[in-house]
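Next up, C-alpha cells for two forms of one chain, structure 1 and then structure 2.
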Structure 1
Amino acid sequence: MKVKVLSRNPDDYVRETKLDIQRVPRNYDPTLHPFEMNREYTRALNATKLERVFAKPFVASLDGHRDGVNCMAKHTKSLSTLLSGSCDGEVKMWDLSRRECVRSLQAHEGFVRGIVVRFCGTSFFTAGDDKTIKQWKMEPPGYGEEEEPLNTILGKTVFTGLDHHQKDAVFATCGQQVDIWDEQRSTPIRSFTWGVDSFSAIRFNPVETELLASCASDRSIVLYDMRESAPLKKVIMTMRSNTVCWNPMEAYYFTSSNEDYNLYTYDMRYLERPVTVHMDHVSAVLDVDYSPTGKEFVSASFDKTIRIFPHDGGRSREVYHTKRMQHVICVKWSADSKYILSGSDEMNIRLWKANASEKLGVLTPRERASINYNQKLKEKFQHHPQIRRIAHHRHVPKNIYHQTKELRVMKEARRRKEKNVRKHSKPGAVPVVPEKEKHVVAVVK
C-alpha cells in the first residue's frame, strides 16, 4: 500500500528571528491573479505621488564669496573638493563633505574668467581679466609661507576661457584667438584664428583628447584638432552660443547653450542640423555640463533656474529654483553623478540632488528593493495620462510661468502665419523647414 506523505522544508516558511516578516507562499499562475494589472497601476500611481511628495532637491548653500560666482571647477581626483572663482578675482576651495571653505586666495584683478584642475590633481590654473594665467599648488601653503603661484604667464589680450588636456601637460585658452599652451613655456605653442572677433568658451573632448570646441562671437561653434595647423570646421547659428560641453561617453556629441533660450546637441560629423533641440528655458542659457554617465546634462540660465535634460530628449525632466537665487552663471555635475552644483549672481554656490526624491544615506536591502520595484512600475505605466500628469507637473515661479505661456502663444502665432502664407502661395514657394534646421545658418569647412 502506497502512503503519500506531506513533506515541508522549514526554510520555506519558518522565520529566522521574530523580527522577520512572515513568509507567504505565492503562486505565479496568472489565472489566479485577475486584478494584477489594476493593483500594479494603483501602486505606480502611489509611487509617483510619493516621489513628488519627497522631491526636496536642495541640499546646502555655500556662502563666503563677496561677489557673483563666475566659474567653477571639479577636482579630478577628489569628490569632495570644489574650486570657485568670483567676479572680484577671488578663488575659493570648498570641502563639500563639511560644506565649508578650506582655502581662499586673491588670484586676479577683476573677473576670474576660467578655472581648471590639472588632470593629476596636484595643481590648478586660473585665468583672469588682468591678462594673466596662473598655476597654483592644490595644497595650501605651510605655516609662515606666502600664497604665491607656481607659475604666471602674462598674455597680450584678455582671456575669456580656459581648459586643460585630459592626459598631457597642455592647456588651451580663448580670447581674441584660441591658444594652445605647454605648461613649461610662456608663449603659446599653437594659435588658431578664423576671422572672428573673440571667443567666449573652449572645451577639450574627454574621449578624443586632441579635439577641442569653442564658441565664437560671430554666432559660430568652431571645432579644432590640435594635430592640425588650422581649425576643422564651424557651424554658424542664428544666435550666439555661450558655452559648449562634450558628452563624456560618446566622443562625437557635444551640447551648446544658446542665447535663443535653447540648447543644441550636435554630432560633430554632421553639423548641418542638430541631433536634438532642447527647449524649456525662458531666457538665455549661460552654462551646460554633462553627468559622468553621459545620459543627462544640466543647464544654467539667466531666468534664475537650472534644468536637467535627458541627452536625447527635447524637454527637461526637472527644474530647480529658489526664491533667493538670481541669474545662474555656472553649473557643474559632480563626478559621482549624484549632485549638481550651481553658482549664481548673488554670491552663493548651491548643492542639489541630481535625483530630487532620492534618499541620502545608507539604504537597507528592503528599501533598495522597494525603490527598484517602484521605479519599474513607474516606467511601465509612465504613459498613462494620470501618472504622466503627476510626474511631469512642476511648480515654477510666477514670472517663468507667464513667460512660458507668452512664448507658447508667440510660437503658435508664427506657425499659424507661416501656414496661412503657404496656403496662399504657389505650391512649393514656401517650404516647410523642420525645427532642427531653422537655427543653423551655414556650415563652413
Structure 2
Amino acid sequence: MKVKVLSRNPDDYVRETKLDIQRVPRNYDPTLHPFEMNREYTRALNATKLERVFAKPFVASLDGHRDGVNCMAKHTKSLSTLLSGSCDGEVKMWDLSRRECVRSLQAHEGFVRGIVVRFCGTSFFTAGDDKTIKQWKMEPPGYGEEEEPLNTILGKTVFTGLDHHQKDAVFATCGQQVDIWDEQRSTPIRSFTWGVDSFSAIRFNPVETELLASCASDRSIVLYDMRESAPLKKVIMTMRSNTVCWNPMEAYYFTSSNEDYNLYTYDMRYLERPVTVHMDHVSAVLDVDYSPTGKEFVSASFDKTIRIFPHDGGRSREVYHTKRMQHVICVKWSADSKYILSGSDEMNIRLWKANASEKLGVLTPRERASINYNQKLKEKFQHHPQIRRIAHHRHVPKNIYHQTKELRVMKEARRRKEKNVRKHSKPGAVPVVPEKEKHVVAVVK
C-alpha cells in the first residue's frame, strides 16, 4: 500500500519572526477564485465611487491682481513659475509651490495683451495696449535698482497677441497685421496681411518651428510660414475663433476656441473639415491650452467654467467651476501635466488638479499599484450603465445646467426642421451635412 496524505509544515506558511513580512502563498487556479467577473465589477464600482468622492480639483487661488487677469505664460525652464498680466497693465510673477507673488511690475498702460517667456527662460516679453512690446529680465532688480525693461519697441498699432519662436531670437505679434520681429531690431522683419484688419491670437508651431497660426476677426484661422512672404492658407468658419493652440505631440493638429461655444481640432494639411468638433460649453470659448502629453486640452469659457477634453473626443471629460469664478479669460496646462491654471475676470488665478481625484505627493509602491489596478478596472467596466452614470455625473451650476438643456432642445428642433424640409423637397435637394462640415465656410489658399 502506498499512501500520501496532505500534511503541511506550518513553518512553510508562517513567517519565522515578527520582522519578516507575512507569507502569502498564491494559487491562481480560476476554480479557487469563483465570481471573478462579479467581484471585479464590484471593485470597479467601488473604485469609481471613490474617484468621485476624492474628486477635489481645486488646489489654490492666487490673488493679488487689481484687475482681471488677461493673459498668462508658463516659464519655459521652471515648473513653479508663472507669469500673469492683468487688465491694468500689471505683470505678476508667481511662485506656485509657495503660492505667492514674488514680483510685480507695472509693465504697460492699459491691458497687458500678451506675455511670453523666451525659450532660454532668462527674459520675457510683454505686449500692451500702449502699442509697446517690452522685454524684461527674469530676475528681479537688485536693491535700489528700478524696474526697467531690457528693451522697448514702440509699434504703430495696438498689439493683441504675442508669441516667441522655439529656438531663435524671433518673436511674432499680431494686431492689425501679423509681424515677425527680430529681437535685435526695432522694426518687424516681416509683416503679413490678408485683407483683414484685426488678429486676436498668434501661435508658433512647437515642432515645425517656422509655422504660425493666427485667428483673424473675419472668422478665419490663417496659417503662415515665417520664411515666406505671403500667408499659406486660411479657413473661414461661421463664427470667429478666439485662440488657437497647437498639439505639442502631433503638431500638425491645432485646436481653436470658437465664439459658437465649440472648439475645433483641425489637421493643418486638411482644413476642409475639422478632425473633431468639441462641444459642451454653453458660451463662447475664450482660451485653450494643450497638455504636454498632447492627449488632452483644457478650455476656458465665458460661461464661467473650464473644461477638459480628450484630444480626439467630442465631449468633455471634466468640468471645473466655483461659485466665485467669473468669466475665465485665460487658461494654461502646467508643463508637468499635473495642474491647470486659470485666470478669470474677478482678478484671481486658480490652480486646479488636471486629474480631479489624483492624490498629491509621493506614493508608496503599493498605493501606486492599487491606483493602477483601479484605473484598469474602471476602464474595463466603463460602459456598464451604473458605472458610467457615476463616472459621468458632474454637478454644474444651475444656469449652465438649464442652458445645456435649452441648447439641446434648440439643436433637436433644428434637426427636426431640417429633416422635415428634406422630407418635403426633391430627393437630393437638401443634402445631409455632417456636423463637422457645418461650421466651415471656405478654405482659401
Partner chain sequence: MAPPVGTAVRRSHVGKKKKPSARYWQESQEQQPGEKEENKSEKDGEQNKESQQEKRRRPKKRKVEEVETHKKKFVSGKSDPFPGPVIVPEERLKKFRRAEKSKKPPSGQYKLKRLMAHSEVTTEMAEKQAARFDLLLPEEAGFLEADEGEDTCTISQEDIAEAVDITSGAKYFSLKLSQFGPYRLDYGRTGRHLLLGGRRGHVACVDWQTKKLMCEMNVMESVNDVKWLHCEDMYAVAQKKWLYIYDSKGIELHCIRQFNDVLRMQFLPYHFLLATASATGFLQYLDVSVGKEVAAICTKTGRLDVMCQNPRNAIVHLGHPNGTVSLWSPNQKEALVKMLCHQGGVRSVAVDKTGTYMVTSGMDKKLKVYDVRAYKPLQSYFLPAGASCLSLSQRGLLAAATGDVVQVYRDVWTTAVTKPYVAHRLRGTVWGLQFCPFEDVLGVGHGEGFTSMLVPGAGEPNFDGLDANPYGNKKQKQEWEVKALLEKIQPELIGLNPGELGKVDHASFQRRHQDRVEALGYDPLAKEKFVPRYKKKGRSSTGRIEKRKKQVAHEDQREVIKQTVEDRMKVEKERLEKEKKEASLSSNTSALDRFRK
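We call the rigid core whatever largest set of C-alpha positions still superposes within 1.5 Å between the two forms. Small disclaimer: the values here were computed from a predicted structure and weren't measured. Along the sequence of structure 1, residues get numbers from 1 upward.
Where the criterion is the form predicted together with the partner chain, structure 2 meets it and its counterpart does not.
Core-superposed comparison between the two structures: the CA of R15 exceeds or equals a 2 Å shift.
Once both forms are overlaid on the rigid core, the distance between the two CA positions of V432 between the two structures is under 2 angstroms. In the core-superposed comparison between the two structures, the C-alpha atom of L32 has shifted by at least 2 angstroms.
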